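Only one chain is given next, in structure tokens, and it is the form predicted alone.
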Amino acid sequence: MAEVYFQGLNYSLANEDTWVEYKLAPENAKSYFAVCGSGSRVIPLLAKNPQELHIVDLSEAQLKLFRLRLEAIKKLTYEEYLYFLGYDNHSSKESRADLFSRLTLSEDDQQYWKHFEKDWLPSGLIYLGRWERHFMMLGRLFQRLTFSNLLPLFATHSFQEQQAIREKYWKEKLFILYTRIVMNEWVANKLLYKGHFAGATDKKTMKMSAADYVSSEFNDLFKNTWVKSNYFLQLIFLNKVTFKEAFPAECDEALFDKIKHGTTKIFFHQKNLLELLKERPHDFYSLSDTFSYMSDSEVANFLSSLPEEIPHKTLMVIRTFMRKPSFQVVSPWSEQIERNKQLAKEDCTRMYEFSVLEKT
């Protein structure tokens, strides 16, 4: 597994539309298992009120970010939370430093975030990750090189209004050319994924190149969806999540209130994912795209190593990006191919294939 890549603060917002996992997760279950990432992909699951949440990540920094997000929910108002994270720069009378002082964190976590204070005080925490900064840089570069201004598309009041002006502002062929230059395999592998890019020629299972895949999906998003409601596109091309229509699941006020008053007991694990999966049964699994960075030999028989006590109808959500390693879907597990295809379309980022497995 690419352990070198998964160190430090890689993700602070990321590109997973967690409404997908939230809708699949059962209410009031005994235990959830989730890969942490930026924390924003896991926070909404707490609104389903599981008794326990087991959260795993190889990076201690990512676990710290989850704890910070959750503590902010517990101690701040909804408006203060949006401001603190960086979604809304006008919804708090107090500074981010003042809001941070109200949070109860371990000494180690507190010192960690104080060390990065100069980076998150101006604009919030969601733009801190290396992944986010890389794609924000690519978005700025695209607009400078092509003299593009995409704000009018994002500022439209409806999909119909967007369609009426789309061709004036979004140049499909220009973006295809751009991705082949700066979003190609070499750039991704060298500058972002440190040699562990799942879309590299010697690793990917998808037939398309990384550049062609990204340009195809982005062109489709601009042509067939209302981009004002897409936080991933706003992060890239506006360099911030500007419009509330695009706020991801962690910004939903109803979910925020449920999480604030929730009593889920949380366990943190910094260890190998596949070894951890063997240890105990859970009622829902949210595994992100971790399998994209694993070899066929690592994951081939992972289902047969899971505890027999896993309840029937338990769902396991696996995302993959460009690389889908071969694993055997063996009884009592099954998957519905058509459901997986539909979920891939529902995810607003369009960057993933889905394998939702169900214990029958």
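Computed from a predicted structure; not experimentally measured. Numbers for residues come from their place in the sequence shown, where the first is 1.
Just so you know, the form predicted together with a small molecule exists too; it's not on screen, but the next bit is about it.
Proximity of Leu343 to the small molecule in the model of the complex: non-hydrogen atoms within 4.5 Å are absent; the residue sits far from the partner. Ser59 belongs to the set of residues with a heavy atom inside 4.5 Å of the small molecule in the model of the complex. The small molecule is not shown here, but in the model of the complex it comes within 4.5 Å of a heavy atom of Ala14. With a 4.5 Å cutoff on heavy atoms, Asn89 does not count as touching the small molecule in the model of the complex; it lies far away. Heavy atoms within 4.5 Å of the small molecule in the model of the complex are found in one stretch of 99 to 107, 249 to 257, 271 to 279, 156 to 164, which is 271 to 279.
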